[in-house]
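The chain below stands alone and is given in structure tokens; this is the form predicted alone.
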């Protein structure tokens, strides 16, 4: 049995969770998931400005703090913090390790997911990278692409671990792959071990969002205790693909069949065909059984052979946007906010400005669920939030100049305008596509920090 914990569900998750996982109980592996689709585009923009940037700098700071304890307790780390520049991330880690006296530390890098510089070659080879949602070829937006990253297999992670790496860096791996990779390495699973690979995929999916499976974001949130020290999940994995989800003793939160089941259906399309680069998992085959306080055994996962394609996450520039807001207070706040919105859009139309998309919402009334809930009979204050999207940056900037005048040229009670005029910012859109596996070149390198 091996223990694998996930201490990061996204770039910006708790900075204390990884350290608590290392200190508060036994671990063999610590995984850290930093990447989302929009994160890749942000990192690519950072690298365009600085060739040494493009990775999760928070990860380097974390390793600097935890490295002595990681080495002492022989905890291996697997993280996709490499972003679009894993080589630079490794260079930063090597500097940290050498400064701390750990020149012998082995750092592995999995690369090949970043196909941004190969897009022309791939399109010329007859692969259209068609949008999975509407079928359009990537050539329609290829001049505006910011990033293109393949969701790689978990086997290169296992290869880096087999090479002795104590820290494994990847770019765009799958989220569950951070957990599946160590299982493949430790248990020697072959590529045809579909059921075991499915079990490892389910384990990775359950813990990929950190505390979201141990009490965070739970429907019956009032049953959860210890919000100030919520425990992050630990997987106790067995060679047959079954595992127990738990958390360190004495931490807050809760691990039950219900918290696990809610995470199982998170971001789920067809539960019978959860497609990954390594296996197609059937989530409906999974059995959950409580086996003690904050301990749930997960077993029975069934898998099928993977497809012959990888998924590609592509981002591209799609115009500009700006969003601003004011607070309207006092009697008849809702009615006054609607008058403000009508005035703003009317003034822009009179000035000759219309937009591809506009946003009008009253925060506290309809911003999350629209007209579904019954409106309250009375509100003493409400936030009017307005926004626009358009290909023309100048038009978007003009919108930003029309909000502040509402303070003196709108109904009484308009306040809270302290952020200045909202400026146009770039809109980054998502383009999902498939690519034949034979067109992707994956490499694994393992080097000592002092090498």
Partner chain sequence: MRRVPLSRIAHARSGDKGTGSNVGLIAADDRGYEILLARATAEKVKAHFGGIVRGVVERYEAPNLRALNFILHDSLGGGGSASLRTDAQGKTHALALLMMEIEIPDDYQTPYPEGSPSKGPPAEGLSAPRRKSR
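Numbering follows the first chain given and starts at 1. In this text, all values refer to a predicted model and were calculated from it rather than measured experimentally.
We do not show the form predicted together with the partner chain, though everything after this point is about it.
Proximity of residue 398 to the partner chain in the model of the complex: non-hydrogen atoms within 4.5 Å are absent; the residue sits far from the partner.
By the criterion of a heavy atom within 4.5 Å, residue 85 is excluded from the residues contacting the partner chain in the model of the complex. Among residues of the shown chain, residue 151 is not one whose heavy atoms approach the partner chain to within 4.5 Å in the model of the complex.
The partner chain in the model of the complex is approached by residue 212, whose closest heavy atom lies within 4.5 angstroms of it. Contact with the partner chain in the model of the complex, judged by any heavy atom within 4.5 Å, is made by just one of 192, 74, 139, 219: 219.
Between the options 433, 440, 428, 17, the residue in contact with the partner chain in the model of the complex by a heavy atom within 4.5 angstroms is 428. Remark: of stretches 95-103, 76-84, 221-229, 346-354, the one touching the partner chain in the model of the complex is 221-229 (heavy atom within 4.5 Å). Using a 4.5 Å cut-off on any heavy atom, none of the residues of 435-451 reaches the partner chain in the model of the complex.
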